[in-house]
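One chain comes next, on its own, written out as structure tokens in the form predicted alone.
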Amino acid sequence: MEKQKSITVLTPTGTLGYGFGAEALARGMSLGPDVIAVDAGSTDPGPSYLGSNKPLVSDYSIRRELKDLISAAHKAGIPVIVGSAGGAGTASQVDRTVALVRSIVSELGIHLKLAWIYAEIPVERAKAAVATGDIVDFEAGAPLTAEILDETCSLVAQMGHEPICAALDAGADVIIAGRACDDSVIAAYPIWKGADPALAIHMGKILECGAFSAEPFAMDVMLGTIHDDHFVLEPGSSKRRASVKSVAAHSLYERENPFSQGGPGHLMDLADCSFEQLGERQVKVTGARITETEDYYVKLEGARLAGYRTICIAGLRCPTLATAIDGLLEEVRAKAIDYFAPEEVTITFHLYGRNGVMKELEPAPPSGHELGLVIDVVADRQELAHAVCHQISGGLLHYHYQDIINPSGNLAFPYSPSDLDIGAHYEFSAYHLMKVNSPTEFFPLHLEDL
């Protein structure tokens, strides 16, 4: 395939369904992008969407935004690429998004070629990799075992750009990919067109959060254009600008090592990158280099059912209670554990208004005259979690302590019922790297003419 002189990618938002401006999209499309590419998932919201297969974003929001993007792309004659469909990129989440695409295409009365790519890994295949030593720890902090995999209810892997390029080879107009490495979703089309993979992947890393690399930052449209030895970033909205500070800062986003970034089959070297302001709204980026790894590894993400959760949300304002709250919570916890023994339950208290977000890492002194309290109980069945949570909330409501002033009730509940059943609670079971035989081995491609 003949290499294009320049290749422009339009990324409409940081996560499909989180919104973008109509003016930003219209202006972005007027700049002549070659592809629309957007990420739709992450592990940031935790393992629940992976374990439950429920979508991160509502069908309403996904359909609304996909309709705008497919309509704009069809008029321009360019493809649309969505990665990590549904939030976690499971097969059922891919199928759910594919169904929305079919509905949109029917409503618009257009014809296109749809591709979808699954990213689920058979548990038995992962167990075989454990046996042969082909799985290494990533950030789990412990080895992956066959026993843990037996408890895993959902297991996906992050695909690189290669499966998406295979869909482009097949002539796909809309590509719905399962779990995918965020930057690979953005980089796939430029790499397919012959761009330098180092530039494409670095640009993908910055673009994958949309206009978070612009000022003022937002979930909004961002464009990147790759040339032979650099790329240029520009926001879609005329009300935003790219600056050296905003782009360089986002280049460091979610990276433990500022000079190195690993990905499926490669290692990025960003030590010699430079950022240059072009006019008021654009930034030029150079210097990324890439090395292919000897073996090709993909990141595994697995979730296991770890119980059922009930929570209670309450507020407290009494100054004597606020002063005594730490000791009271430990007393209440101990009494609940004793009351329900020998049942095993996990009880967590979250205090907001006093180190509620960073907890022991909080550097600032406590402030505020009122506290918010979340009582969080996980047990092996929902009715037990509910019983424990209500025993704690009701007990604390009428708990007597030294220097108590208000005998009528220690807590204020914003909701009735006060104890809310959240349902299944999931934990990550796999967060490891697995060696594969090829970049497309576990990412089957499906095509359909609509």
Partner chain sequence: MSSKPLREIADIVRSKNAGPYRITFDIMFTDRARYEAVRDSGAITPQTVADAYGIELSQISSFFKIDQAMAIKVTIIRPRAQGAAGDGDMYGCQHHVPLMNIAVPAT
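In this text the structure is predicted, and so the values were computed from the model without any measurement. Numbering follows the first chain given and starts at 1.
We do not show the form predicted together with its partner chain, though everything after this point is about it.
K.L.:
With the cut-off set at 4.5 Å between non-hydrogen atoms, does Gly28 touch its partner chain in the model of the complex?
P.N.:
It does not: once its partner chain is placed as it appears in the model of the complex, Gly28 has no heavy atom within 4.5 Å of it.
K.L.:
Is Gly46 close to its partner chain in the model of the complex, meaning a heavy atom pair under 4.5 Å apart or at it?
P.N.:
Gly46: yes, in contact with its partner chain in the model of the complex.
K.L.:
Do Val283 and its partner chain come within 4.5 Å of each other in the model of the complex, heavy atoms counted?
P.N.:
No, Val283 stays farther than 4.5 Å from its partner chain in the model of the complex.
K.L.:
Given that its partner chain is not shown alongside this chain, does Pro258 nevertheless sit within 4.5 Å of it in the model of the complex, heavy atom to heavy atom?
P.N.:
Residue-level check for Pro258: yes, a contact with its partner chain.
K.L.:
Quick one: from Ala334, Leu278, Ala271, Ala99, grab the residue that has a heavy atom within 4.5 Å of its partner chain in the model of the complex.
P.N.:
Spelling it out, the residue with a heavy atom inside the cut-off is Ala271.
K.L.:
Could you work out which of Glu254, Asp228, Asp150, Glu344 is the residue within 4.5 angstroms of its partner chain in the model of the complex, going by heavy atoms?
P.N.:
Selected option: Glu254.
K.L.:
For the interface check, one of 126 to 134, 319 to 327, 258 to 266, 186 to 194 should have non-hydrogen atoms within 4.5 Å of its partner chain in the model of the complex; which one?
P.N.:
Comparing against its partner chain in the model of the complex, the contact stretch is 258 to 266.
K.L.:
What are the residues of 127 to 152, in order along the chain, with a heavy atom within 4.5 Å of its partner chain in the model of the complex?
P.N.:
Result: Glu139, Ala140.
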